[in-house]
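A single chain comes next, written as structure tokens; it is the form predicted on its own.
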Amino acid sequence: MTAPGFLGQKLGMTQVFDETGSAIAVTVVEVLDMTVTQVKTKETDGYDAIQVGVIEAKPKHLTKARQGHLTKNELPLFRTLKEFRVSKEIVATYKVGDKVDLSFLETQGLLLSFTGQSIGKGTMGCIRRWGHHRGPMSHGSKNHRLPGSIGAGTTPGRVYRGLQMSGRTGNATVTVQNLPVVRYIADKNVVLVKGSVPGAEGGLLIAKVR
């Protein structure tokens, strides 16, 4: 079976050395075992996709709808369900209850894109959030770290959409594309990818093959 990607957990960052002795910064991602929980086709659902489940949970942590969806197919109670859009030919190779084959991670030169929830930074002012300059710090200045003017009064008489202002920073869905796989350790179910991926340690990642 051809897997469209996988779900993983970020374990942290480290470094490995290549054949020339150069250090490469890598992110360690644990590859989670995925079970097909639903197969969607264009005829029945309007699009082709496979739904997979990872990380078993207690019934009290799931809604009745989630429990019913899984138990009717005699599947474990999974905490997380995600979909992968795939072609009609790939959909035909799967059925509910199948384990997704992850041998594609051993492919040389494989590039992956990772989607995750970035680390939340809380509320920030304009200087830290956007790199704005501060005002003079001398006595009498009333603009040390203020945002300044946010627009003219009569024209346009409103604040333009997208203006750089203070507010919540981080805690957003972020995708990093085209990260090469440096090493896949099958016996430990771990993949090392060059560079950094979004999120904190332990965060869920959606990896897709480029």
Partner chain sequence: MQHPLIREIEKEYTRTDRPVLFPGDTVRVNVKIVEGSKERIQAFEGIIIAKRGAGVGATFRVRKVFQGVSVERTFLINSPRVETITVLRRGRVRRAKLYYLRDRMGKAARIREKTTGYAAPTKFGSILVANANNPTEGTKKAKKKK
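Numbering follows the first chain given and starts at 1. Quantities reported herein were computed from a predicted structural model and do not represent experimental measurements.
As for the form predicted together with the partner chain, it is not shown, yet the points below apply to it.
- Contact annotation: Arg145 falls outside 4.5 Å of the partner chain in the predicted bound form, judged by heavy atom distances.
- When contacts are judged by a 4.5 Å heavy atom cut-off, Val193 does not count as touching the partner chain in the predicted bound form.
- Interface residue remark: Lys40 is not counted as part of the site for the partner chain in the predicted bound form, having no heavy atom within 4.5 Å.
- Not displayed here, the partner chain is kept clear of Arg66 by more than 4.5 Å at the level of heavy atoms in the predicted bound form.
- In plain terms, the part of the chain that comes close to the partner chain in the predicted bound form, with a heavy atom within 4.5 Å, is 22-30 out of 66-74, 22-30, 49-57, 170-178.
- The partner is not shown here, but in the predicted bound form the stretch 5-40 reaches within 4.5 angstroms of the partner chain through a heavy atom at Leu11, Gly12, Met13, Thr14, Gln15, Val16, Phe17, Thr20, Gly21, Ser22, Ala23, Val28.
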